[in-house]
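Presented below, as structure tokens, is a lone chain in the form predicted on its own.
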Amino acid sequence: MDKKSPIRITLTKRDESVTITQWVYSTLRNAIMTGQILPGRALTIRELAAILDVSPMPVREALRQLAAESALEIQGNRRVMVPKMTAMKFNELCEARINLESHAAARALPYIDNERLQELIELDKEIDEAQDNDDMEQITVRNQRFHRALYTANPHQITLPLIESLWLQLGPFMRLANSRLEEHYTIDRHNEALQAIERKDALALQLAIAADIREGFAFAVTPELLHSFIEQSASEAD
């Protein structure tokens, strides 16, 4: 991808109760989390304001907030980029996801009733449809919906903001990661998770979620493979 090539950001209708700045932040956050902005793509406030059809001020405020969340990096020339990824940082983010999400899943298990289970089953079917259509963006979107629906079954959960922060930092790499799912993701871990929920087996659920995350990033199982992937990400942004 050329560093100045057009980008596509999914726009949603702004509710009247939501300020323009909040809408801009939410829109850009979703674009990063779902991989619509790839690593290495240079952005400017003016460009983003034009895409979102707003003035530069709410864009500037949203970018400051996203930079504070380590999702973007504001450079001295007023350009904005996805922060550079290192092998150590990548591994830390993935391990943090495994620890937090397996914990969140186990804590949610006692609260998953039949209605929530059916919702999870339907979401898993939607993921399969996106995979059949090779829709990399929707694979990410629907996978996040599945995990979010699982964890929020727990009415007392407090980990979702932390989990979404990790999704945000890994988001720019997810589209590239999803393009390699068939190479490493040979067992349906979501199906294993659903079976564990039906049995009320917390340990099996934790293991399924951990395997789901780990195998999703199996393309980077060694430092050498990870370095190669990061280099590929950078080259596709050139």
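Residue indices: 1-based, along the sequence shown. Treat the numbers as computed from the prediction; the structure is a model and nothing was measured. Here the rigid core means the biggest group of C-alpha atoms that line up within 1.5 Å when the two forms are laid on top of each other.
A second form of this protein, the form predicted together with a further copy of the same chain, is not displayed here; the remarks below concern that form.
- Figure note: of the listed segments 112-120, 125-133, 139-147, 88-96, the one touching a further copy of the same chain in the predicted complex, with heavy atoms no more than 4.5 Å away, is 88-96.
- Contact check for L100: a non-hydrogen atom falls within 4.5 Å of a further copy of the same chain in the predicted complex.
- Proximity of R189 to a further copy of the same chain in the predicted complex: non-hydrogen atoms within 4.5 Å are absent; the residue sits far from the partner.
- Contact check for T152: no non-hydrogen atom falls within 4.5 Å of a further copy of the same chain in the predicted complex.
- Taking the partner from the other structure, a further copy of the same chain in the predicted complex has a heavy atom within 4.5 Å of a heavy atom of S70.
- Shown here without its partner, the chain carries E47, N77 and L168, none of which come within 4.5 Å of a further copy of the same chain in the predicted complex through any heavy atom.
- Scanning 40-66 for heavy atoms within 4.5 Å of a further copy of the same chain in the predicted complex gives M57, R60, E61, R64, Q65 in sequence order.
- Superposition of the core reveals a Cα shift of less than 2 Å for E122 between this form and the one not shown.
- In the core-superposed comparison between this form and the one not shown, the C-alpha atom of R64 has shifted by at least 2 angstroms.
- Pairwise change in the predicted complex: Q138 and I45 C-alpha atoms lie farther apart than in the shown form, at least 3 Å.
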